[in-house]
Structures are given as structure tokens and as C-alpha cells.
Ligand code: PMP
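Presented below, as C-alpha cells, is a lone chain in the form predicted on its own.
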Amino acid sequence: MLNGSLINSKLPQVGTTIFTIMSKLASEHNAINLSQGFPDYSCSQELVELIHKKMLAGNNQYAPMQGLLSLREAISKKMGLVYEKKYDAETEITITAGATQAIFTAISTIVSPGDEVIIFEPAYDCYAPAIELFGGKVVPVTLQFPNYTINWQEVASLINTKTRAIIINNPNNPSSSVFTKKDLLQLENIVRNTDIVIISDEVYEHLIFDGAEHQSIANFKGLAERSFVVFSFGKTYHATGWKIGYCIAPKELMNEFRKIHQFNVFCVNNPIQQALAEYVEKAEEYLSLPNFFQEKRDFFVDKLIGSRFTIYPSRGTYFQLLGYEKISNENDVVFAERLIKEFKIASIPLSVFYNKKEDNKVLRFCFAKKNETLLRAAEILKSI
């Protein structure tokens, strides 16, 4: 039996993620689960059959470390179509075991002890632990409630010789806000003449609403030349359980990324890569996503009209924020747990995404669900 003193935790403050906690509670109490971000409807049957076909054809052994060339070529073509930015399939694109692995690998590639990394809060929960794991210091910038905008003067004031990287998440999970062109131009200006690397988490790239266009790092020369950009097939094709994504970066950055990637996961699911190499060619599948998810957002919001919850704008992602300040003064974690136990509906409290646990009485609900699920959820919420 190990003596506890033999274990020196590298992440002593880290426990079980809020997503695991809330999903477990939802299961225990038979609650509608709008907490974790996954669809309750099926992904493309055509894509599933294509994967099956690739398996039957014998594509069941290791894929190349950097990913199938045919898939990387399809991604390069897609980047040219959507963002008018061509990336070299051989040297600038790597297939990863989901976006989280890509982000972790990018952080491990560039962060050394003593480095500072700026993140924007509320921040997705995989950033800070990875930074700290490699000896970096997290420097949080709080998005300005209730619209979750950025004070760029504050960002500029935090830049110093120790600043190694800035992580952005656009569209932002959990706030559902999006970066504007003006935002990225300001970021571009701030990092000019520095050695700061950008890690841009763009897994919700196609989930932008109300006619807005996604402002990718790839569209800005001064940012693209210093950035790792991370994307997710799971989010795009309604198949989060496949855990497959990709990272794009200039050759010099990607060369270092791959050195770590090869000893982390080495390579990624072969038959799914084989299938995606063909399926990515169907541009209509991802170009139709904004309308698909906006209809779900609008359906959910419409059914919530008349409730006591404050409905905040959802400009991107598949999450809707609801404020409960007119209902309760409880801490958001406590209130979210009570919603599961008493009302049988699960959400995510936003305070957990802040270093100082800022509590604005806001919960996050996932609307990537069947309409009947959203209707039942809205009826419960209107009853509170």
C-alpha cells in the first residue's frame, strides 16, 4: 500500500470536473441532461456506414502519426474554401484525439516553468490545469458581464517579458459570446513585435448565429503566423464520443507540436479518419450548421418566454445562458444541484469557469437536443 507522502500531486487543487458531477447527478435523479455538451440525436447514418465500410476494408491498424494525408488534404481544401487560407497538408496540419488533446499538446509545446499565459474567463476548464502542469502561471482576464466583451486595454497592460501565450476560445464556451473582427485586430496589434504564441480554440467554428461570420485566427496574417488553431470533428458532425479533431499551425510550430504528439497519443483512429477524408468533401454538411443550431436556439428561447429566468444572448456555440437572479440568491452550484434533484433538469453553473468563482447567478444549458427534449426542459424551467 502506498504511503500518501510518496505522491506529490501536480494538480493538488483539481478535482472531478463539473461536467462529470452534473451528468452523474442527472443520471442518478433521472433528470433531463442539458449540462454536458453533447447531442441526444444521431449523427449522420451515411457517415456511420462509411466508417463501417472502411473497417470492413481492413483499415484497422495504425494511421500515420500526423494523420492520414488524404484527410489533411481535405482539411487544407476546406480551410481554403471557408477562410481563404491554405495550409500545407504535409507540414501544417495534424489530426488529434479530440480538441482537448490538441490544446494540451499545444500548451505543452510552448509553456515552460515561469511562463505566463493569458486566458479569458469564464474559461473552458482544460486550459488552466495544463498551463499549471507545465509550470506556467495562469493570468486571467474577466470577460465583462453581461455581454462577455473584452477590455483590450486590460489585456495590453498584462503583457510583459514573461507572457508566453494567449489562449482564446471563439465562439466562447461557456459564455456563448463571439469575437468580432475588431477584437482580433486588437489582439493582432497587441502581440505585434512580441514572441507571444496564440492558441485558438475554434471547435464551434460553424455555430455562429444571426448572420455573423466566424472570425478565425486563420483570417489574420499577423495572428496566423504565430498560432495553433484547434478544431473538432466531434462538434461539427454531432459525434462528440469519437474524440477526433485537428490542429493547424505554421510549419515551425507544428514541427514542435508533433514531437510531443507522437509520444502522447502517437496516432488517431484510422477508420474514422478514412471516412472523414471523404465526408469532409461534403461542404453542405458543415455550412448548414449555423441555421440548424440557430433553429434549435430559437425554439428553446421561444419556449422559455414568460419564465422567471433572464435570457442572455447566445451568439455562438450550442449553449444558452439563463440568469436566475429573480428566482434565488443561492450560489449557482447549489442552485444547479437543486434543479437536478427537485426539478429533474441539469445545467452547468458558470462560477466554476472562473479562478475566483465569480457568481453572476447564471447557468449554462445545452440546446443540441431533440426539440421534444428542449420542449420538456422549457416547460420545467417555466414552472420554477
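In case it trips you up, residue 1 is the first one in the sequence shown, and so on. The model shown is predicted, which means the values in this text are computed figures rather than measured ones.
Unshown form predicted in complex with the ligand; subsequent notes refer to it.
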- With heavy atoms only and a cut-off of 4.5 Å, decide whether Tyr124 touches the ligand in the predicted bound form. yes
- Query: With a 4.5 Å heavy atom cut-off, would you call Thr100 a contact of the ligand in the predicted bound form?
  - Reply: yes
- Message: Taking the ligand as it sits in the predicted bound form, is Ile95 near enough to touch it, meaning that at least one heavy atom pair lies within 4.5 angstroms?
- Response: no
- Task: Would you check, heavy atoms only and a 4.5 Å threshold, whether Val203 touches the ligand in the predicted bound form?
- Result: yes
- Note on the structure: Here the chain appears without its partner; judged in the predicted bound form, the stretch of 295 to 303, 158 to 166, 260 to 268, 227 to 235 with heavy atoms within 4.5 Å of the ligand is 227 to 235
